[in-house]
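Listed next as structure tokens is one chain, alone, in the form predicted alone.
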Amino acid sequence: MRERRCVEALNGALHELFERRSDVYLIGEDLLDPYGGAFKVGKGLSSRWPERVITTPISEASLFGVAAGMALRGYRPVLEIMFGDFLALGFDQVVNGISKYREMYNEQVSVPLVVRTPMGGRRGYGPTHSQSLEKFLMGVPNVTMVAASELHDLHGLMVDAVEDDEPVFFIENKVMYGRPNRRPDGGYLDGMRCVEGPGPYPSLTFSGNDFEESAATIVAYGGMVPHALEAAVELIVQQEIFCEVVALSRLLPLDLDPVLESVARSGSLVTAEEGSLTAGVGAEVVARVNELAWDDLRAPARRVAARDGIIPAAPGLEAQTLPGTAEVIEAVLARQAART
């Protein structure tokens, strides 16, 4: 059987949840069939459950408020924000409401809300439809942020998110939708051994030498995961340099255990993200590793990220703005030079 595309895995999870839970709703813009949402993750839901798919006007701030109210009343709404850039329009609802209700009301309420949104570039959508804004959520307490990649169990991640009693931001990289949801076969993927972390929203850790001592730990999430894995494979083939890749799915609260375990073996850290460099997710990872594992590091950490600035629509300029495999390889080699 062919591997399911990522969009099919996500869509299948929503169909399963709608089938067995009457409290799950989908709310957002342009969701009704035959359109089924901008990236078709909601395809078929409105035909089977027309009363539980709510298509709305373009008003993201209002959507956050309505979805929060539904969650407070006992429903489990899945809010689709058509492009991750527009999370900014609902940020007041998140920072001053959704993230605070449980503690403000002394644990007497919960907000089991999932905010699904596509994030990232490489589609030529330009400055306001291509950003990766995960870092703006990193400082919000009492929410969970999951950044799915094409190598994670997308079906399982979506089910875990909807059944979580905390607010969950579920970030879907745009490029992965049409790609196969590749999973490790017998514990291996692309010749790399893979170990999945415990619990919901597990990390994936890849090694080319069975988790023996390695040259660097590459930490990535979302759309940078396949670039990080490609870089690790190329470094083995071309340079005989063995790295580990830690593919995070849960960014908030930050899943640091697999990173620390890997850094203890490698002594070197490289982070890779599609978001811009300043104050990025990588900066938080590096800061925490420096605090908790300074004695394990044998060279300064290196961050790979998009340049600070707008993301152009022109493909050539966009490629110069966003990081890829080559930038990850360069960062690893720079850490190697610093160690010697």
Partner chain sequence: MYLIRRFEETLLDMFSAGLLVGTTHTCIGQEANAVGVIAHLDPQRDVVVSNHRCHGHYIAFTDDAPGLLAEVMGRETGTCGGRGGSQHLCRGNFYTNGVQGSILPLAVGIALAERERGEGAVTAVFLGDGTLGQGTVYECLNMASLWSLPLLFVVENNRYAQSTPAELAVSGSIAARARAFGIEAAELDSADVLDVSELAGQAVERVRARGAPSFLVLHTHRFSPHSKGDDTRDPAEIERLRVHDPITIAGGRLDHGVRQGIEAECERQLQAAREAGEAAPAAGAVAVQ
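Numbering follows the first chain given and starts at 1. It should be emphasised that the depicted structure is a prediction, and the values quoted were computed from it without experimental measurement.
Although it is not shown, the form predicted together with its partner chain is what the next lines describe.
Considering its partner chain in the predicted bound form, the lone stretch of 269-277, 65-73, 291-299, 40-48 in range is 65-73 [heavy atom distance within 4.5 Å].
Think of it this way: in the predicted bound form, its partner chain has a heavy atom of just one of Asp257, Glu213, Glu103, Asp210 within 4.5 Å, and the residue is Glu103.
Note on contacts: among Thr144, Thr205, Thr117, Gln93, the single residue with a heavy atom within 4.5 Å of its partner chain in the predicted bound form is Gln93. Within this chain, Ala61 lines the site of its partner chain in the predicted bound form, having a heavy atom no more than 4.5 Å away. Put simply, Gly309 is far from its partner chain in the predicted bound form: not one heavy atom of it is within 4.5 Å. Proximity of Glu107 to its partner chain in the predicted bound form falls within the 4.5 Å heavy atom cutoff. Contact annotation: Pro57 falls within 4.5 Å of its partner chain in the predicted bound form, judged by heavy atom distances.
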